[in-house]
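Shown here is one chain on its own, the form predicted alone, set out as structure tokens.
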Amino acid sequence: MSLPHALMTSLLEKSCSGYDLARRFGKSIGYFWQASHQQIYRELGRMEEAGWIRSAAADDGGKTRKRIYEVLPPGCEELRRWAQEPVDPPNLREEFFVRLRAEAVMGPLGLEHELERRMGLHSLRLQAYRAIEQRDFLGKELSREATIQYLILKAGIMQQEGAVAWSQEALRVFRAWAAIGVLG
């Protein structure tokens, strides 16, 4: 994914300052695409130079140097062009799975604690996603925009549910081996 396109999408949802954009980004798109405040500000400058966005001083009577960003027509055209490009699903790149392969060939490496920790992290993220679902989507009449956002959230929920279920299964297997003394 391209950070400028993620930022333009967020700005189309609501024009705002760079600081507010970084905060909002972390609470929405940040669940599946991370960027630091420095990266966001650097990219906003590049996007403004490219003519995709513009900024203006905030309506705060000059009390701050805050700038409000908005997407320009060339930015919308770029976002439309980019959105229509084909994109392949990402290849799984999971360091822990390499550790499991090492466990398979070397014998027990004590990975059960890491499995438990990771399952806890997935459970916490699932709880956070479920809270967002409850707060923003369940029992509400959804617009087209909200329905699409809910579909994205559901993908995250399903991914976390799968990770928790896989972790539970892996722990059952490891614990069964430990109970009967299987070492390799």
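Residue numbers here begin at 1 and follow the sequence given. Just so it is clear, the model here is predicted, and its values are computed rather than measured.
Although not depicted, the form predicted in complex with another copy of the chain is the subject of the following passage.
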- Verify the flagged residues R99, E169 and W177 against another copy of the chain in the predicted bound form: is each one within 4.5 Å by a non-hydrogen atom? yes
- Message: Although the partner isn't part of this model, could you tell me whether T9 comes within 4.5 Å of another copy of the chain in the predicted bound form, counting any heavy atom of the residue?
- Response: yes
- May I ask you to check whether L121 falls inside a 4.5 Å heavy atom distance of another copy of the chain in the predicted bound form? yes
- Query: Even though another copy of the chain is not shown here, does R144 get within 4.5 Å of it in the predicted bound form, heavy atoms only?
  - Reply: yes
- Message: Is D20 near another copy of the chain? Define near as a heavy atom within 4.5 Å, in the predicted bound form.
- Response: no
- Contacts from 10-38 to another copy of the chain in the predicted bound form (any heavy atom within 4.5 Å), listed N to C, are L12, E13, S28, I29, G30, Y31, F32, W33, Q34
